[in-house]
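Heads up, the chain below is alone and in the form predicted alone; it's given as structure tokens.
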């Protein structure tokens, strides 16, 4: 890389940028500590680690803004392998994470419209439309996205990502690596694992060529160790929701999951979740719940509704309801046991073939049944997500089975995880109100 570019990077990122973001965090922590800083009648004050999370995410996108001056960049699907790319020294960006951020900041209509005006249908995943629109328009709430030197797409979450990344590869004229994971209907066969492992071996070769160096096996194992530790800690964070009252809600987890998705394999992610876990244990010791007067506990299925996340949080809290668990956040921790740093390629072949969206609907149903018991859940909300058909398929049958076999109320809530144009406010409010009324009739625990 250009030495002057590296100087420019370090000046803007490591000197000015990080100092400014740290200053912002310290100011935010001071404001949060004032007695008048939080006035919600139903929700406890936000977790103290939220300000550190804001700093961490801001630093990540700050590094991305200047990354092209200093290092190679890889764009990766959220279900894609990141460990060997991190070990090689790539800066990695997940377009889905960027799409979620755009959804939370209510920028999706503007960005999606830029893609739709170029002929992309509104039937396409709203994450894909958001990011394609961002690429075409050059607009993003994070200032600037780095240009990729490599694209890595893994089909273990859906087939849309393949077509999405083909669009990106055509636009940027850079190599596209495809990891095609066989769908799991029952048990994983040795043939399937070998098939995926060989693809990873080929992916490493391409990445080495783009980077201009060979993969350091010691560094690869270290990255795998940090990825495994972060996943274990994240699982422990979520399991703290089993306590009554739950010190963290799934709505909190939707926000705090950002590092485990986009910054796996980094020491800062391990440090962050250790500190978050310590704060949750302190809340448990003091009897502080995410919702001040927790009476009912829910399980959420599918992605969050990013543009209504605060509204939902306040609505449920007002009714004494905590969403204590989510199949979505659980997916980023439940496979930690498959990570073996001593067998990195075999390990990631197993790891990335097993995500919940690459398995049959029966597996998700059994996962929800287990979580209902473990988290002492009183009801389930299944988000029928217009944009994520693989996650939504089978939900009607799953809802009926949960009602009949688990004896818990279950609501099918139609929306879109990122595009507010596919969300009927009046219909959602009415259905949620009716569901909350049904929960109240089941009697308090």
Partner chain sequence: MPASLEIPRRSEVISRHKERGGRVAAVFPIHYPRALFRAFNVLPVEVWGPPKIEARQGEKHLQSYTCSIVRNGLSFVISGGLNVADFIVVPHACDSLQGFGSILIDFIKPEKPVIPIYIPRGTRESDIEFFTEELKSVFTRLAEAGAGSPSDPELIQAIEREEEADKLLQEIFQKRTHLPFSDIEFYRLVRAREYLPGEEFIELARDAVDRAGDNPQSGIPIILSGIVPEPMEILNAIVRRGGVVVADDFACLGRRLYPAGKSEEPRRRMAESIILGPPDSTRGSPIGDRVRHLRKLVEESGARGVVFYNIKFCEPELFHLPILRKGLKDAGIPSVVVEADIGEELSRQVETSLETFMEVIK
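What you see is a predicted model; the values in this text were computed from it and never measured. Numbering follows the first chain given and starts at 1.
The form predicted together with the partner chain is left out here; the points below concern that form.
Novice: Of these, 79 to 87, 189 to 197, 277 to 285, 320 to 328, which stretch puts a heavy atom within 4.5 angstroms of the partner chain in the predicted bound form?
Specialist: Selected stretch: 189 to 197.
Novice: Using the partner position in the predicted bound form, report whether residue 182 sits within 4.5 Å of the partner chain, counting heavy atoms only.
Specialist: Residue 182 belongs to the contact set for the partner chain.
Novice: Should residue 202 be classed as touching the partner chain in the predicted bound form when contacts are defined as heavy atoms within 4.5 Å?
Specialist: Because a heavy atom of residue 202 falls inside 4.5 Å of the partner chain in the predicted bound form, the answer is yes.
Novice: Going by a heavy atom distance of 4.5 Å, is residue 175 a contact of the partner chain in the predicted bound form?
Specialist: Looking in the predicted bound form, residue contacts with the partner chain do not include residue 175, since no heavy atom lies within 4.5 Å.
Novice: Should residue 163 be counted as a contact of the partner chain in the predicted bound form, where contact means heavy atoms within 4.5 Å?
Specialist: Taking the distances in the predicted bound form, the answer for residue 163 is yes, it comes within 4.5 Å of the partner chain.
Novice: Heavy atom within 4.5 Å of the partner chain in the predicted bound form: which of 118, 314, 239, 271?
Specialist: Only one option qualifies, and that one is 118.
Novice: Have a look at 44, 68, 384, 51 for me and say which one sits with a heavy atom within 4.5 Å of the partner chain in the predicted bound form.
Specialist: Contact with the partner chain in the predicted bound form is made by 384 alone.
Novice: Are all three residues 243, 373 and 376 in contact with the partner chain in the predicted bound form, where contact means a non-hydrogen atom within 4.5 Å?
Specialist: Not a single residue of the candidate spot has a heavy atom within 4.5 Å of the partner chain in the predicted bound form.
Novice: With the partner left out here, which residues of 265 to 294 have a non-hydrogen atom within 4.5 Å of the partner chain in the predicted bound form?
Specialist: Heavy-atom contacts to the partner chain in the predicted bound form: nothing from 265 to 294.
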